[in-house]
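Just the one chain here, laid out as structure tokens, in the form predicted on its own.
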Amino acid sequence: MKYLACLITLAATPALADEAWVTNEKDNTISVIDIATQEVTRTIETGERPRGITFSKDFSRVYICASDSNTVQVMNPETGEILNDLPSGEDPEQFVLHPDDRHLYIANENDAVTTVVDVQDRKVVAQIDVGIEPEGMAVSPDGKVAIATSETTSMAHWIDTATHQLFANTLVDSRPRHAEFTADGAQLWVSAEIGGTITVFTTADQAEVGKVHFAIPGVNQDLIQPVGFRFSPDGTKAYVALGPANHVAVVNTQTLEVEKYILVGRRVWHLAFSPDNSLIFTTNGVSGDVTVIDAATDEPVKSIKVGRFPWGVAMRPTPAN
């Protein structure tokens, strides 16, 4: 019996490895990938149609947008247990955790609002009217500004996080899907899926300062649909998922020119750097896999099969001993 108890204890102990967590929206699961072995080690059930995913600052909780369950689930990442649901508003798509580690800003696509939830009190503290079909969410590094992008209105909405009031609305190209601030907070980048561009704004005055355009030889322009993207740790590059074009673009952040296109799986949605920044993991919805890219060479090195229609991805560093 002591031996059996020991085995159970070992099985419950999390592996000491960096992990990539991938939401599979048609399987209602998360695939957990061991970054060292680049293999799926766990499959965890979630609510319906999981999309956005992010961790708390100490990685003790993982937040999951269960879109068709109309909730944000809070999970213990070591056990996979759902700790509680948050009052997210209807059809949460994407969200972002404020630097205070307490407030989630959630895009509610069906309600045309941004919902702000206190994750400690599990209460809605504000609902902010934005444009039609909000999807992308971002918060500035200093926590003072939140952004919601509305797909149908084709705008980025600038929110004062102290007052929860809009203070600017800026036009972008058709169907904006994702927004990111640069690490210094000086710029905001917004991708437009149908417009096929990324628009760059200066944060101080919300002025448009440039656009990124894409063109892949042999690929129909209509298929080049920028969605999720990430900046390299040094800020010199942006890696952009181009949807049904099945490529990731490597963009020079100074010139706004594309330096390279990387072939990945089918219908690439989002991507994230590994905790040590050496690898990039992309979620490829139609092919049901994750492409691993070597960040030093910008070359794909492996494809990992996950669930059906992987969408979001978030990283969990090695758990502390």
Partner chain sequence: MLAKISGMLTAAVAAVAWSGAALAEVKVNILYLRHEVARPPVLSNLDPVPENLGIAGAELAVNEVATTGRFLGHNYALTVLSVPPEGDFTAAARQALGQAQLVLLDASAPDMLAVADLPEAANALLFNTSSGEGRLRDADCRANLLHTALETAARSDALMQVLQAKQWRRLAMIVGPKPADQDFAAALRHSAAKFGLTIEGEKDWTFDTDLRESTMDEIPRFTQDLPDHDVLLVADETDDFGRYVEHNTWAPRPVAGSDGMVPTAWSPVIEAWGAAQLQDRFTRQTGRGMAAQDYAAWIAVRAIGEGVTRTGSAAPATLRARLLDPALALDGFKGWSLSFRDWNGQLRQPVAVVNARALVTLAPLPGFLHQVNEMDTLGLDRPESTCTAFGGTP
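Everything quoted here is computed from the prediction, not taken from an experiment. Positions refer to the first chain, counted from 1.
There is also a form predicted in complex with its partner chain; it is not shown, and the following applies to it.
Verify the contact flag for S232: yes if a non-hydrogen atom of it lies within 4.5 Å of a non-hydrogen atom of its partner chain in the predicted bound form, no if not. No, no contact at 4.5 Å.
With a 4.5 Å heavy atom cut-off, would you call E180 a contact of its partner chain in the predicted bound form? So E180 does not count as contacting its partner chain.
How about Q225 - does it come within 4.5 Å of its partner chain in the predicted bound form, if we only consider non-hydrogen atoms? Judged by the heavy-atom cut-off of 4.5 Å, Q225 is in contact with its partner chain in the predicted bound form.
May I ask you to check whether D129 falls inside a 4.5 Å heavy atom distance of its partner chain in the predicted bound form? Although its partner chain is absent here, D129 would touch it in the predicted bound form, with heavy atoms inside 4.5 Å.
Quick one: N110, S154 and R175 and its partner chain in the predicted bound form, is every residue within 4.5 Å by at least one heavy atom? Every residue of the spot touches its partner chain in the predicted bound form.
Heavy atom within 4.5 Å of its partner chain in the predicted bound form: which of A215, A207, A186, L171? Contact residue from the list: L171.
Among the candidate residues L166, M75, V200, A138, which is the single one with a non-hydrogen atom no more than 4.5 Å from its partner chain in the predicted bound form? That would be L166.
Tell me which of 215-223, 232-240, 246-254, 75-83 has residues with heavy atoms within 4.5 angstroms of its partner chain in the predicted bound form? Result of the contact check: 215-223.
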